[in-house]
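In the form predicted alone, a lone chain appears below as structure tokens.
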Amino acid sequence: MDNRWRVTYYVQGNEKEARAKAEDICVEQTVEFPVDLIPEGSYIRREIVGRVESLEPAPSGGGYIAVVSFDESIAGGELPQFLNAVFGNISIKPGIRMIDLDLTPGLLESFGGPRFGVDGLRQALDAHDRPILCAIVKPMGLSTDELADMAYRFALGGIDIVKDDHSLANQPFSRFEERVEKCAAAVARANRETGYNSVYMPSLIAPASEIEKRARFAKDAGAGGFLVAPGIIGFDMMRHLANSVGLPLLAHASFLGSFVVNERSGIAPRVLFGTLMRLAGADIANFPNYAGRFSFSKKDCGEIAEADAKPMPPVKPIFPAPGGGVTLSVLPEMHRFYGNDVVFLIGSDLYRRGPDLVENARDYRKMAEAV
């Protein structure tokens, strides 16, 4: 069995420059040691140092596409070292972009991926054969009682996931524990009145020493999942939460933008918001929708959705959650583009439509059920 995993990189330059960069990746991401000082034929030379498997001209824009393989053992079965190996030191070097990943069955088994995935989350929400609906309690600065009232009204209108805005943490105007208790209770009250399975997801963007403590408090208080930002709290902390706390995770894109906005460096959106989010335990991956207030293209969004769904057993497929200026008017187009396995994430538009949030939420649900 092939025990090497492969990473595809875009490398800038002419053929000679591109080959030099690809060979540098093999060393920089493994031994970080002069290869001429490693004996020929040794285990380290033969297995540990990366290998350039292929180097082909990029289809457009100049540069080359390099496929580099690494021995499974260098990751040690641990996500942090895997991330270090795929894009550690070379993330500091210009003209290198990670654009695809092909992992071994052993690594996929080690990382595990999401606890729920598409099927598990649909079952938890009792939401089948339609897109999942998500609304956001905001803005920062409102009192806890005001936020809880919003959560109640959204859930009463039939929203599946009512989540904190990612800017809500433990500020003096809305302390975490009080907000969680009141918002979770508000959503539970709405469920008793409607018969729906709406859930409240508080934000777990918090100091490392507080994250798991807050997660367990929130679970005990009735939260149905969590908003996490792996770019801030760490991808492996997200993986740990998926395994230890046992509630669905919605991964927010905050702090990850600089990885994807330069087409000649960083990480391709499909890898960051597709493959890596899945490996690290997200059940839902949030990213900017095309034609919104951010710079993602339709191609980017389509590739992310494909990566979220691509067969990668035993890692479950997850939901894409395109957001960032999405309005109710574009939901039919988004459904045609993403299909049923998508989380519609609507923020400000639910407030802009008028003061009756319950009716606005009901309109939102009717549109989702219609598509």
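Start at 1 with the first residue shown and count on from there. Please read all numbers here as calculations on a predicted model, not as lab measurements.
One more form of this protein exists, namely the form predicted in complex with a further copy of the same chain; it is left out here, but the text below deals with it.
The putative spot formed by 36, 139 and 288 is fully lined by a further copy of the same chain in the predicted bound form; each residue has a non-hydrogen atom within 4.5 angstroms of it.
Contact with a further copy of the same chain, judged by heavy atoms within 4.5 Å in the predicted bound form, is confined among 161 to 169, 183 to 191, 215 to 223, 114 to 122 to 161 to 169. Proximity to a further copy of the same chain in the predicted bound form, taken as a non-hydrogen atom within 4.5 angstroms, holds for one residue of 101, 242, 205, 279, which is 205.
Exactly one listed residue, out of 32, 56, 40, 306, brings a non-hydrogen atom to within 4.5 Å of a further copy of the same chain in the predicted bound form: 32.
Proximity of residue 275 to a further copy of the same chain in the predicted bound form: non-hydrogen atoms within 4.5 Å are absent; the residue sits far from the partner. Under a 4.5 angstroms non-hydrogen atom cutoff, a further copy of the same chain in the predicted bound form lacks residue 247 among its neighbouring residues. Looking at residue 299, you'd find every heavy atom of it more than 4.5 angstroms from a further copy of the same chain in the predicted bound form. Put simply, residue 131 is far from a further copy of the same chain in the predicted bound form: not one heavy atom of it is within 4.5 Å. Taking a 4.5 Å heavy atom cutoff to a further copy of the same chain in the predicted bound form, the contacting residues in 250 to 276 are 252, 253, 254, 255, 256, 257, 258, 259, 261, 262, 265, 266, 267.
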